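Coming up are structure 1 and structure 2: the same protein chain in two forms, each one given alone as C-alpha cells.
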Structure 1
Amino acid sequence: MRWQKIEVASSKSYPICLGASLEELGQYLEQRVETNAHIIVISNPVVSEYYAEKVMSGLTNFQADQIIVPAGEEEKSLQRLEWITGEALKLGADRKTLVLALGGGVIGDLAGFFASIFMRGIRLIQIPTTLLAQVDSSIGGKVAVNHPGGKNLIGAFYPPLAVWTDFSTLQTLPWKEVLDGLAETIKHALIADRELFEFIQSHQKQIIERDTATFKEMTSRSLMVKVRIVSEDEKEEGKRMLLNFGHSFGHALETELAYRGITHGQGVSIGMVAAANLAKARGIISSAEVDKLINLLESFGLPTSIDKDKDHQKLVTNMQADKKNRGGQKILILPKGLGQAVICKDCSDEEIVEAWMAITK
C-alpha cells in the first residue's frame, strides 16, 4: 500500500486515503463493496475529461455509470439536484447505489447532498480534485446546495464512506483555483500549524512551480489541520468555528461585490488580514507577525487590502448577516500569533470598522 490512511472521527468515522491513485480506487472498493454493485460517478465536463477514465478503468467488476453536470457554482441548486435524481433513476439507482463525487467543492457538495437524500441516503465516496476540496471541502461531512437566499443554505452533515485523495490531479488545476486552495491552506497554517506557515514561507518558489513533493507535503499538513478540528467538533458547536478565520470579513466583501470580480480565495485573503489587524489592535498578534502574513499572501499574488471607495459601515452591516453568527452576536476568529487562533464574541462594531480602515489603501 503506497498510500496513507488517516481516520476522521465523527458520528460515522471514515478514512482519508491520501496519495492514492485514481486507478487504485476500484481495487479498494473490491475489498469493501459487493461485487457488481451499482456505482455512479458524478463529475463535471472538465474533470471528467481529465480523470473519469482513470476512475472507470478500475471499476470493471462493478456496474459503473457516469452523470456529468455542467461546471459552475450556479449548478449547486435544487433544480440540478432534481435533474441528477432523474438521471440516477434512469440509470437504475437504488438504495444500494454508491456515489463517487469526482471533482472540486461544487461537485463534492452537490453530489454529496444528492447521496445524503436520495432514498434517504446512499453510500458516498468523495474524490476531491482541487486543492480547496482536498484540504477543506471533502473533509468534515458538510454537503449542500445554494438557495437564492444564500450559499449552502440547504444541506446536511453526511460523512462519506471514504475520501480518496490523488495529489496528481492538482497538476492540471488552473492557477486561479490553486490560489483559492492556497488561501485556505494559509488559513489552516495560521490558526493551527506554525510549521506549515514556515514551510509555505520557505517553499514559495516550489509552490509556484507546482513541485510535486512540495504540494504533497503542504496539502497533507493542511488537510490534517481540518481533520483534527472536525474530529473534535463535527457539528460546529465550538472549535470548528476556528475554520471560519478570515471568512466573516471575506464574505462581507464578497457580498458587497455581489461575488463578481473577487474569488473566494481573494475574499479570504483580505479577510484574514482584516482579522489580523483587529487582533493586532487587541495586542494578541504582533505587527511583525501581521507583516509576515501580508508578505506571504502577496508573494502568491493574493490581495491584502481594499480600495478607498468601500463603505466600511456597509461592510460591518454585511457581517451582521453572517450565518455563522449566533443569537445576533458577531463571532469572529482572531489569530493569536502565528499558528493559533481564538474565538471572539465581543468584538465591537468600532473595532471592526477600525480593522477595515487599517487595510484600506
Structure 2
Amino acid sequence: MRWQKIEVASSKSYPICLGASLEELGQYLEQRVETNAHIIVISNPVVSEYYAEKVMSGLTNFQADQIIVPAGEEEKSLQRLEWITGEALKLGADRKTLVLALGGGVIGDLAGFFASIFMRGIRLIQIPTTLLAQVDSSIGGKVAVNHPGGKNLIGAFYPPLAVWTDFSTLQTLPWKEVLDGLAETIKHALIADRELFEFIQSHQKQIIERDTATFKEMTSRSLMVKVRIVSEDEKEEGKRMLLNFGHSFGHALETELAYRGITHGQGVSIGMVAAANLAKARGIISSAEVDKLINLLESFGLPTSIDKDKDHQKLVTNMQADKKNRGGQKILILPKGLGQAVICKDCSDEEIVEAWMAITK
C-alpha cells in the first residue's frame, strides 16, 4: 500500500490514510477487524453509482451491505436517522457492525451520527469523496443532524476508526461541490496558514483546471491545519472554535433558507466576508486584506454578498443557536490579518447587523 498516514490525536486516536485507493480498504480492514465482520456502507445514489463497487470489491471476506440515502442537506434529520436505523435492523446490524460512511459531508455527518448512537455506538470509518469532506468534515469526529432551530444542533463527538481518503474521487466531483471544499480550504488558510492562502492565490488556474499535483498539495496542507487544531482541542473548548470562522454567519443564512438554494460552502464564503468586515470595523484586519479575501473567493465563483431583501435582524436571531455561544453571548471568530484569527466574545448585535449590512447588495 502506497499512501501517507497522518495520526489524529484524540480520546481515541485514529489515522487519516491519504492517497489510499478505495479498493485497498478491504485489505486494510482484514488486518484490523474480525473475519466475517458485518459491514454496512451508507452512501447516496450518485456516490454509490461511482464508487460503491470499488469499495465492495475489497470486502469479499466480509458480510457487506449497502444503505442508500437520498442526497441533500435536508436528509440530515431525525426522520432520516430513524429510517436508517430500521434499514440497518433489517440487515441484521448489531453491536459488532462496522459503518462505512461513503460520501461527502452530509453522509459523513448522518452515517457518523447513526454509528454513534446505534446500540450505544458501533464502529465507523469515514470515506470522504468530496473536497469539503476530505479537508474538513471527515476530520475531528464531529457527527450530527440538523434541527429546524439550527444546523448540526443534535450531534456528538465520535472519532472514527480511520479516515480513508482516495484523491481520485475528486475527478468526478461537480465544480459546485469543489467550490464547497475550496471555501473551507480558504478558511483554513485565513485562520492558520498564510502561505497556503498565497499558494491558492498563485495557483488559481491550476485549481480551476483540477491539476492533480496542485490539488494534492492544497488538500494535504489544508487538512493538516484541521488536524493540528483538533489534535490540540478535541471537544471544541478553546482553539478548535477557530475552525468555525465564517460558520456563525453562514449557518444563520443556511437556516434562514432551510438549507435550500445555498450550499454549505457558499454559506461559509459569505460568512467569512461578513466576519472579515466586522474585523475590519474593529481594526484587526486591513481593507486591503479584506479585498484580497473577496477577490480570491470571487475568482473561483464563490458568493461574497447577500440580497437586499434579507432581514438582518432575523439573521442575527438565527445566530443565537450557534453551538459556540455561551451564556447568551454570541461568540464569533474574526480574522486577524491573513493567516491568524481570534475568538471574539464581546461582539454586539449592532456590530453583527452592520457586518450583514456591509455585504448586502
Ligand SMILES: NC(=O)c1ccc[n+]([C@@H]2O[C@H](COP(=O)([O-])OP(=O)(O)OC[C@H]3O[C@@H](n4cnc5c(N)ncnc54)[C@H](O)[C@@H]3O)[C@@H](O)[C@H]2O)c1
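Rigid core (definition): largest C-alpha set, two forms, superposition within 1.5 Å. It should be emphasised that the depicted structure is a prediction, and the values quoted were computed from it without experimental measurement. Counting starts at 1 with the first residue of structure 1 and goes up one by one along its sequence.
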{"property": "Label of the structure corresponding to the form predicted alone", "result": "2"}
{"property": "Whole-degree rotation of one rigid part against the other between the two structures", "result": "12"}
{"property": "Core-aligned Cα shift of Ala281 between the two structures, given in Å", "result": "4.4"}
{"property": "Between the two structures, how far the Cα of Leu293 shifts once the core is aligned, in Å", "result": "2.4"}
